[in-house]
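Only one chain is shown below, in structure tokens, and it's the form predicted on its own.
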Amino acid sequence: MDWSIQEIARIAGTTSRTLRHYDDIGLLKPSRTGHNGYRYYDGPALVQLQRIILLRELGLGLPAIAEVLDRETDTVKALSSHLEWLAQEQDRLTRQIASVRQTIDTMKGDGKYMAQNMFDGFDHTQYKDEVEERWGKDAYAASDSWWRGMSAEEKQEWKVRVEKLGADWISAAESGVSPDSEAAQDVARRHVEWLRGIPGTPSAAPGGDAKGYVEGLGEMYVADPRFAANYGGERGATFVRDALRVYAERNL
């Protein structure tokens, strides 16, 4: 069984023009082309399109998506990993919804705010497993305690700083400068300073393996689409990794 390009565009919420572009760049080939020139797509092609859409929602560009699809040929394994990530996101969004709903109810009711409930789902706990696996439970506990001890204003300032850092990385990568350039190394310096401000990390602890930590983070930015999305996709994350590696070699 297969479907016409118009049917797939309607079902997937995209356009025939987009699907034709995916065909032109080799990202998604139709399973067959009719005598009338129409493209048709079968089940495996739909699975490929689903993966493309999921990766686009992570913020990856088409070249980065092509690299992921070429590298991760085990479709079931890849979709299982993505499903796990979606489940984590679902849990986070569910907690955010409950938190905002509670705030609205409080504003309509007695006005007694519960600060510990207002920011559930907005913090960094989504990375708990990664942090504990790579750097231990003590590292996570220290950073978690530090984060929860912040005021709402301090948390917002921190988030703005992180967003600015991510935007500067993307700008540097897209400007065409090399990872060891002065401009890239300036952003790398700020990135390491930012990391040193997080208690519990090896870069913050006296005698910690700051060099190994920074280089390891760079590798994780590239390997994990969730992190790569902060830097414009895998290509941007690769630039960040290379720049951080240069900085670590020179300064840590």
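Residues carry their position along the shown sequence, with the first being 1. The shown structure was predicted, so the numbers you read here are calculated from the model rather than taken from an experiment. C-alpha atoms forming the largest set that superposes within 1.5 Å between two forms make up the rigid core.
The protein also exists as the form predicted in complex with the DNA; that form is not presented, and the subsequent description refers to it.
Checklist entry - Does residue 216 make contact with the DNA in the predicted bound form, using a 4.5 Å heavy atom cut-off? => result No.
Next on the checklist: Even though the partner isn't displayed, in the predicted bound form is residue 62 close enough to the DNA, meaning a heavy atom within 4.5 Å?
Outcome noted: Result yes; residue 62 sits at the interface with the DNA in the predicted bound form.
Item to check | 4.5 angstroms heavy atom contact with the DNA in the predicted bound form for residue 235 | outcome: Close contact is absent here: in the predicted bound form, residue 235 is far from the DNA, nothing within 4.5 Å, heavy atoms only.
Checklist entry - Is residue 22 close enough to the DNA in the predicted bound form to count, meaning some heavy atom within 4.5 Å? => result Flag for residue 22 set to yes.
Checklist entry - Which one, 28-36, 220-228, 180-188, 43-51, holds residues whose non-hydrogen atoms are within 4.5 Å of the DNA in the predicted bound form? => result Of the options given, it is 28-36.
Checklist entry - Check 175, 241 and 250: does every one of them have a heavy atom within 4.5 Å of the DNA in the predicted bound form? => result So, no: the whole triplet misses the DNA.
Next on the checklist: Given a 4.5 Å distance limit between heavy atoms, list every residue of 160-178 close to the DNA in the predicted bound form, or none if there are none.
Outcome noted: Residues within 4.5 Å: none.
Checklist entry - Comparing between the shown form and the other one on the rigid core, is the C-alpha shift at residue 40 2 Å or larger? => result After core superposition, the displacement of the residue 40 C-alpha between the shown form and the other one reaches the 2 Å mark, so yes.
Next on the checklist: Does residue 231 shift between the shown form and the other one by 2 angstroms or more at the C-alpha, the core having been superposed?
Outcome noted: No, shifts by less than 2 Å.
Next on the checklist: When the rigid core is used for the superposition, does residue 85 move between the shown form and the other one (threshold: C-alpha shift of 2 Å or more)?
Outcome noted: For residue 85, whose C-alpha is compared between the shown form and the other one after core superposition, the shift is 2 Å or more.
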